[in-house]
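Presented below, as structure tokens, is a lone chain in the form predicted on its own.
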Amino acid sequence: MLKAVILIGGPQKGTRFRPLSFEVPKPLFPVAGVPMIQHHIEACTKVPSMKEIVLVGFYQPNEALSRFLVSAQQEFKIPIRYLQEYAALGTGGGIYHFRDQILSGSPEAFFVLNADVCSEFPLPEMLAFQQQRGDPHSFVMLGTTANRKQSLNYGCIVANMETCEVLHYVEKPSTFVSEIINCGIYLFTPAIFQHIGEVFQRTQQELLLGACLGEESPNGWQRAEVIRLEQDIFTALAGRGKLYVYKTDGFWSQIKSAGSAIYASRLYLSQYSQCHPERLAPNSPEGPTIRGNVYLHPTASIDRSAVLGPNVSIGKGVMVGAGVRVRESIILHGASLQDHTCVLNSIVGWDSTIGRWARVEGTPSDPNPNDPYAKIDSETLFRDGRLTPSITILGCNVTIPAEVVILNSIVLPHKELSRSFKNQIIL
């Protein structure tokens, strides 16, 4: 029997995902036509003996999240629960806090997946890899190769080339350590809680000792429960014969910013031809011109003269008028693209309207196409006091007038613009 835990974080995270995270929790943001964490759930349900999927985070249970859980349970025929933390407890503290619920039913092992990654999710391969090790209490982390410069932005893994044992682990090192990076996807046995418990006890003792010595330690009992798998657990387990890395050559990327959501959408859309061909729009004489991989929601109204793709996702109830061109973009539900608009490298928010002959365009933040190990950069919003050129984002219910150009800009929700903008955040 197996279980899976998806770590979905909470509202104070995802600041780089604003203004999109104002409307829905980031894990429910649609990537390639379905909520981000649905890709994780689909991957988990394909693992034999998977009995339950648990979401752990500190979002307040809301209508959108509850509705998603109900529909996902019905679609995938597997129990899916949400366990809410009382505070942000870290990647290790969250699963330790709910260890009794995770271990109920006595699973042999369980997967832990960070919600803000996209991947081919080679979970069955990780399971087979762990079984080949012959140690029923060993743990497996998914790794992939990055280039030397970008590896500094991730957890770096030094491993034995023959046995794949993790010998050394450093989270975001200041100097080069290894090109193998942590993908945020793990396979644990129940024995992991013994190691997390040791960290919890040690931290608690240090806090109590500090209190006895008169050091200020407000809310110390809360701080003891904040445990990070990466810095607190993996660093200690490395070199002890308990932690192994399974390297994947499949696609993988973080989804930290809105720009990375478009890149993740492209990766998932390219995978659909093998696993979900029904989600890809076909070219037909009666329909719009489709170039490359495009997802169209069945309720979307698309004029036959429109040209869509590659890498386009059109949401529920979207209206696309005559002569519209959309490329490398996500159009969210209820949006309206009036005749002859052009949308490139952009995310158009819920119920937004783009007027006739308007142009909405951003600058893609794709990885270097000439480097097979390049990852997408999580650019800061500003550099040298200026807005970094990136994709254009329209929040929900934004109105763009006819015949204007919006370039490399972020428009907050409920704005009605009157002119063109370039390289600006429009409050």
Partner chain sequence: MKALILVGGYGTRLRPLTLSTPKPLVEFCNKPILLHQLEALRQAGVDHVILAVSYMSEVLEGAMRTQEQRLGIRISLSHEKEPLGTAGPLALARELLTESSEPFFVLNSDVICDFPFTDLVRFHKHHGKEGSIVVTKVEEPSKYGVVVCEAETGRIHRFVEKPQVFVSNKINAGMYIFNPSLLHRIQLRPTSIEKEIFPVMAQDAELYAMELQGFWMDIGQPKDFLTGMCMFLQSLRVQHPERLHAGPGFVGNVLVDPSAQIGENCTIGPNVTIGAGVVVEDGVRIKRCTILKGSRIRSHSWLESCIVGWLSSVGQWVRMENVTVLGEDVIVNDELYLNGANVLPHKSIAESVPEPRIIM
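These numbers were taken from a predicted model, which means no experiment stands behind them. Numbering follows the first chain given and starts at 1.
Another form, the form predicted together with its partner chain, is not on view; read the next lines as being about it.
The three residues K3, I6 and H39 each lack any heavy atom within 4.5 Å of its partner chain in the predicted complex. In the predicted complex, its partner chain stays beyond 4.5 Å of every heavy atom belonging to K247. Interface membership of V307, defined by any non-hydrogen atom within 4.5 Å of its partner chain in the predicted complex, is confirmed. Residue contact with its partner chain in the predicted complex: K172 places no heavy atom within 4.5 Å of it. Proximity of Q424 to its partner chain in the predicted complex falls outside the 4.5 Å heavy atom cutoff. Checked against its partner chain in the predicted complex, the candidates L83, L344, L167, V117 yield a single residue with a heavy atom inside 4.5 Å, and that residue is L344.
With the partner omitted from this view, the residue of H97, K242, H297, R356 that lies near its partner chain in the predicted complex is R356 [heavy atom within 4.5 Å].
Residues within 4.5 angstroms of its partner chain in the predicted complex, judged by any non-hydrogen atom, belong to 323-331 and to none of the other stretches in 323-331, 88-96, 69-77, 278-286.
Residues of 400-427 placing a heavy atom within 4.5 Å of its partner chain in the predicted complex, in sequence order: E403, V404, V405, L407, S420, K422.
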